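The form predicted alone is given below as one chain in structure tokens.
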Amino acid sequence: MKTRTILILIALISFGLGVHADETSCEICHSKLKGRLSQPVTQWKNSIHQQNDINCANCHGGDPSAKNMKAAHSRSKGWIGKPGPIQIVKLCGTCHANESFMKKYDPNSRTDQLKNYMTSNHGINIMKKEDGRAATCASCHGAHDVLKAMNPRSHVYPENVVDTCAKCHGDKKLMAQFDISGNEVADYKSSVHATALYKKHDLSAPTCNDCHGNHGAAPPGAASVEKVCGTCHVMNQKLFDESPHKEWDEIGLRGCVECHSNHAIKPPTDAMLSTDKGVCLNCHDSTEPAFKTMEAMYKTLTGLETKLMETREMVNNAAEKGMLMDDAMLKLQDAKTAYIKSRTATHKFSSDYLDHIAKAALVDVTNIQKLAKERLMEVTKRRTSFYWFGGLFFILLILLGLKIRSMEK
């Protein structure tokens, strides 16, 4: 009875101390070491691999049940130590390209990552050119601290992707070796996309992989860049496809990039169509019909924007003076939406089409202005009535005072 009690106590104490029967010699030894030699165990214990019983030996080989380092690191047991770039790709592919294996863990998991990687610049450099400077699976996902993509601590979580890519693409010396500027990360962080991602925490905002791909990472070519942008900007692409600029790729121009840039994309403004600073001037001069189209579109948009601002000011003015303007506010939002549609319509590069779309916004703005004027006139009437009533009341008080005085005399 005593022996049984002691065994139970030992089991409970062991459980409380975190000692597990299936703990490998890799964990036991490396957890006692210091610095970088203990870090793999710490990172692995919080990883998706640990949660699915993928341990050290699955990647590094060796004998995880051995009692000493020499036996654990036995080459006869498959010990490879720290895998090189090519080995990393093959090791990851052993599981992640195995459909029957991966479906045991996640029925929806993709198993084409390795195939796509092999077509990428990264994969070609590593696997065909044997150039270890390019990115492997571990470069992006981490070596031991591999987490699900939507875990905020993951290297490939949307808000972390850019910094992950920056480990290589922010290194100008390294990028110069591949004839890449190395300014891409800094440019992106100054863009409207980065503002949406980091300041507004909009996880749908594009990062590096949204435009360049995940495992099949390759720069979009001249003929595909508008398709990449069109993934999100669907209407812009549709109109662009109907425009005279659709054939830009035939003369070596790059679609969306020509006007909006690629990484340092700024918020679009009506000034992009202005006759003194407009982006159209990069290709067209004042002697071309395109210049007149640009000028007409600029006037339409700026005129509409001015009217919208004037109307908003009138509505706010009426609201500040105590008038109920909720209906006007709602209509003003509709007018703003119509204005945004008008700005989108510029991608067809047709002033007639833009005027047609802008009419809806102009009608909305005109109706709101009429409503705001009516409410402001109502304010004026009420104030006029108040002043008249107040004046009459004041006169009556004076007359009453005089009457009382005459009666007292």
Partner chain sequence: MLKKINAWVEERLDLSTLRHLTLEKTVPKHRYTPLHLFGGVALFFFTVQIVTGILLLLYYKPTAGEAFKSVEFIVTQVPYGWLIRSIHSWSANLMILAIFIHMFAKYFLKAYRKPRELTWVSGFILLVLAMGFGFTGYLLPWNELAFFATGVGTESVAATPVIGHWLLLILRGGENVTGATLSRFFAIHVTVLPLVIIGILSIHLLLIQAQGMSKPIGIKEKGEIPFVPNFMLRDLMMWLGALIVLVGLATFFPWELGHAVDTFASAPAGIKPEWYFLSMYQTLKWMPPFFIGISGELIGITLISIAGALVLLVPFLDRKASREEKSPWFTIIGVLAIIFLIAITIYARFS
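Keep in mind it's a predicted model, so treat the numbers as computed, not measured. Numbering follows the first chain given and starts at 1.
Note that the form predicted together with its partner chain isn't included here; everything after this is about it.
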Is every one of 95, 105 and 115 in contact with its partner chain in the predicted bound form, taking contact as a heavy atom within 4.5 Å? no
Sort through 251, 150, 176, 324 and report the residue having a heavy atom within 4.5 Å of its partner chain in the predicted bound form. 324
Indicate whether its partner chain has at least one heavy atom within 4.5 Å of a heavy atom of residue 370 in the predicted bound form. no
Might residue 382 be said to contact its partner chain in the predicted bound form, defining contact as any heavy atom within 4.5 Å? yes
In terms of non-hydrogen atoms within 4.5 angstroms, which of the given stretches 256-264, 281-289, 67-75, 315-323 touches its partner chain in the predicted bound form? 315-323
Going through 384-399 from first to last, which residues have a non-hydrogen atom within 4.5 Å of its partner chain in the predicted bound form? 386, 387, 389, 390, 393, 394, 396, 397
